[in-house]
Ligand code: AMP
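First, one chain by itself: the form predicted alone, in structure tokens.
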């Protein structure tokens, strides 16, 4: 007998929970429920329906949907066909969405009826013939002209038991687009092998955490990172692989999310800081017990003020770190240490490398800087699940992988014990009088002042110093809060935590801070608003 080969494909993640715990449940935000047994059957039906429409190996299939169990089914069925799942960022501008559809060369588009006003006007400008499938939460939704069918009706016409083809693990599985400060969105792709290894790496990082920390098989999972954004950070694959009870909320409305968190006793979620701040500021939060909730914050640094607010509600909060090009998780705050210490700096640190990840902090010549917790450099990384290239973008790929290491574009320092702390994005670092000022340090300090709901630190041009830092804030309360912010900064200077010249000259109060399509602070837009006098 000869040993059989074993390809690492997404279908392998689905088999274990369907066999081990087939009656576990997956819920939507409207009260619908299905078991893992039904999930498996529906994935089969979706595979058969797509195949009947001529969409199989080599096709690229786009999805424009809210966060639903239906989207989870696409996470599996599309790649298991040997097709590529293109998760369309529905928060981009229509022109950017059109660019991604054309650049991806989509063969099919599955579109929720809520997004038809975006898609339908774009159809004459889509350069490749695409099969259109309607997604709807209404059983009687009318089919728009030119659509091949409605999702649920197409599935109902197929029987379970569809046989998916055998695939090699290097088959492309997913595609999405990341936006930067300049240029067109960049296409980021992942293979089956990369997604499986990322899933196993996350399980290896979270599983051994003692006590209530980490992710356990009795957790209840609800994503609050959109499913179009880096596979919701890979957690739907993790949750399905572990057979967790899952809740998919649909639209991100604070009252709705808090109701689902409470009603289903959700124990694990992940989101960007602005989403958590929105939830904690909602009127319904005051009467909602969140002491059972564990949250990983990523996409941007976790400010100490927000972490303190979360801890006051009993939330077990930790920072995580990654980027679209890293699948994304490469680093996590020390969840084991925080089970015995509630040091807020421990929870907000970027953390330590996940299993199979090699992190370095380097100078411009790719030489390691000292691991002294002070000396900064760019963070570069290697791991088996990092994207290999940008789709049809050789120049961007060469810049990303210069010197054989993935360049994150983040500046940070590393402690002797391997704990990384990001201090800024390269593009956001403020240089004043020839010295670097960390915008993240300023934001974290200001966030601890009572009444500060959101804060962004940016550099503005200055004739004498080159740049000076400015704080842009959303404040609940009167102007006395600004005095409190300045007092916090002055105490940091006195304690040696902040150089005196890093204290901002101005604190600008606004009603809202601009966000990117994935909920991050849009510092490019903030700088434009300050320069034009729109704010400040």
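For clarity, every value in this text was computed on a predicted model and none was experimentally measured. Numbering follows the first chain given and starts at 1.
Here the subject shifts to the form predicted in complex with this ligand, a form of this protein not shown in this document.
Student: Are any of the heavy atoms in residue 73 no more than 4.5 Å from a heavy atom of this ligand in the predicted bound form?
Tutor: Taking the distances in the predicted bound form, the answer for residue 73 is no, it never comes within 4.5 Å of this ligand.
Student: So in the predicted bound form, does residue 300 come within 4.5 Å of this ligand, heavy atom to heavy atom?
Tutor: Result yes; residue 300 sits at the interface with this ligand in the predicted bound form.
Student: Taking the shortest heavy atom distance, is residue 408 within 4.5 Å of this ligand in the predicted bound form?
Tutor: Yes, residue 408 lies within 4.5 Å of this ligand in the predicted bound form.
Student: Residue 193 near this ligand in the predicted bound form, any heavy atom under 4.5 Å?
Tutor: Residue-level check for residue 193: no, no contact with this ligand.
Student: Among 317 to 325, 79 to 87, 253 to 261, 161 to 169, which stretch has residues with heavy atoms no more than 4.5 Å from this ligand in the predicted bound form?
Tutor: Looking at the other structure, the answer is 317 to 325.
Student: Which residue among 425, 313, 153, 360 has a heavy atom within 4.5 angstroms of this ligand in the predicted bound form?
Tutor: Partner contact (heavy atom, 4.5 Å) among the options: 425.
Student: Between the options 229, 413, 294, 453, which residue brings a heavy atom to within 4.5 Å of this ligand in the predicted bound form?
Tutor: Among 229, 413, 294, 453, a heavy atom within 4.5 Å of this ligand in the predicted bound form occurs only for 229.
Student: Any residue of 328 to 352 with a heavy atom within 4.5 Å of this ligand in the predicted bound form counts; write them all down in order.
Tutor: If the 4.5 Å heavy-atom criterion is applied to this ligand in the predicted bound form, 328 to 352 yields only 350.
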